Ligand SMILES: Cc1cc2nc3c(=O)[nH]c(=O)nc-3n(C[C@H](O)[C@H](O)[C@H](O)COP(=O)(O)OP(=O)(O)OC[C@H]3O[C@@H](n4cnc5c(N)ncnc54)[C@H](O)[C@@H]3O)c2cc1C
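So this first bit is one chain, no partners, the form predicted on its own, shown in structure tokens.
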Amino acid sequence: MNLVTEQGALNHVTPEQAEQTVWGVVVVGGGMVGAAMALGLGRQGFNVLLLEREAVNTDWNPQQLYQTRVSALTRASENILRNLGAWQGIERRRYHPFVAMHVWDEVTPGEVHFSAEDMGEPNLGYTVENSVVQAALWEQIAQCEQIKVLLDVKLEKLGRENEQACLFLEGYGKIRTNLVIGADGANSQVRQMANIGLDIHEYEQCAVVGCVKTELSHQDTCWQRYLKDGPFAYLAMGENISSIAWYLPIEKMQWALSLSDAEFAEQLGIASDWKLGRVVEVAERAAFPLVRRHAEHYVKPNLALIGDAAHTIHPQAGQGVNLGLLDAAALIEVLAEARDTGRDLGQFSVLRRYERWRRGDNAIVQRSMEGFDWMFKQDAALKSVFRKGFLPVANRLTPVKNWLMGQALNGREALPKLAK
């Protein structure tokens, strides 16, 4: 049964109804991060309005094809989703724990192997289709009376009147709220309408993604090989099923999409050095350019940005959605504490606490990913010599390896309560 579209349990409101209420919080965007944000605030008793283009289908068919967009969820993200009640919905659908990571280089013999067993952990994270995470969150939203959902409307502009934010809807009037949260993705309308600038760096790379079936088992391991053109990764999914992430120069994006399935499978085998044998089945594939974005500000009076609306990073370590979920968890905590101490949710000093909490950590992860990308770019003989000596040494430094993986798995800064 589809809780979202059949039961009407979403507490759907019309634009006219939405205009008659002063909302505690309006969340714009119901993707994974926006849905987690709305759900967390609803569970805290806030009066929440969620704006999204269309309802998310929560039906599940275990025979359906694997989707092209997949995330590698950390322990901190798992905890957030568990504490929001959504993890059970993920378990009922489809997910895959991975217990090891193996990293190696095309031009040097060096390899690094990370193991959950060495860290005393049950796994190093989970690979989950983005649509599964979103459906599990919307399933919980449908059961939360505090959250109302407004679908199929277009935002025309943002304003501010009498210490409140106003959202003007195309073809309708305005919605008033104490706080607007922009969770509407990398090309955020909320960010643009709030005149918040971006620091942008184009990597001149693209990511080719999709799911494939291989001849050999992935052994519950994520495999990543650094190539001349960029990294190639197999992310463990189902039985002999892996999600691929193949990073190529931007000028090769159309080439990768234009290959026949047989040609594409052959190229994946070459890129992976046949680590999992032949690719025997190819599902739908997609590609997108890679761009680092960082908003000049995360907050203004009565407004905050989270997730991709605030920052995007190089996806080679799969940290994007994890950072966004930490943003949501931190902002939920800040707003709950502000309410409990009688402070205005839209007050700039309240929102600045969230920005100080998250902006530095996000910037560190962005730059770290660029550091990896730079080190493994095979554009200088000196770097090849360094990698040749570094990787074998790094593989033997078990305490250092475990510390690094622990930082990635559990989070680097003081964690929000929801992430514990």
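All residue numbers are counted from 1 along the displayed sequence. Not measured: the values here are computed from a predicted model.
The next section is about a form of this same protein that is not shown, the form predicted in complex with the ligand.
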Note to self: Which is the contacting stretch out of 302-310, 273-281, 114-122, 220-228, given heavy atoms within 4.5 Å of the ligand in the predicted bound form?
What the structure shows: 302-310
Note to self: Quick check on this chain: which one of Met101, Ile175, Ala207, Val334 has a heavy atom within 4.5 Å of the ligand in the predicted bound form?
What the structure shows: Ala207
Check: Which of these residues, Gln140, Thr214, Gln134, Thr108, gets a heavy atom within 4.5 Å of the ligand in the predicted bound form?
Finding: Gln134
Check: Heavy atom to heavy atom, is Val70 within 4.5 Å of the ligand in the predicted bound form?
Finding: yes
Note to self: Check Asp59 for me: does it contact the ligand in the predicted bound form (non-hydrogen atoms, 4.5 angstroms)?
What the structure shows: no
Check: So in the predicted bound form, does Arg367 come within 4.5 Å of the ligand, heavy atom to heavy atom?
Finding: no
Notebook entry, point to check: Taking the shortest heavy atom distance, is Asn79 within 4.5 Å of the ligand in the predicted bound form?
Noted result: no
Check: What residues in 45-69 sit within 4.5 Å of the ligand in the predicted bound form, counting heavy atoms only?
Finding: Leu51, Glu52, Arg53, Glu54, Arg69
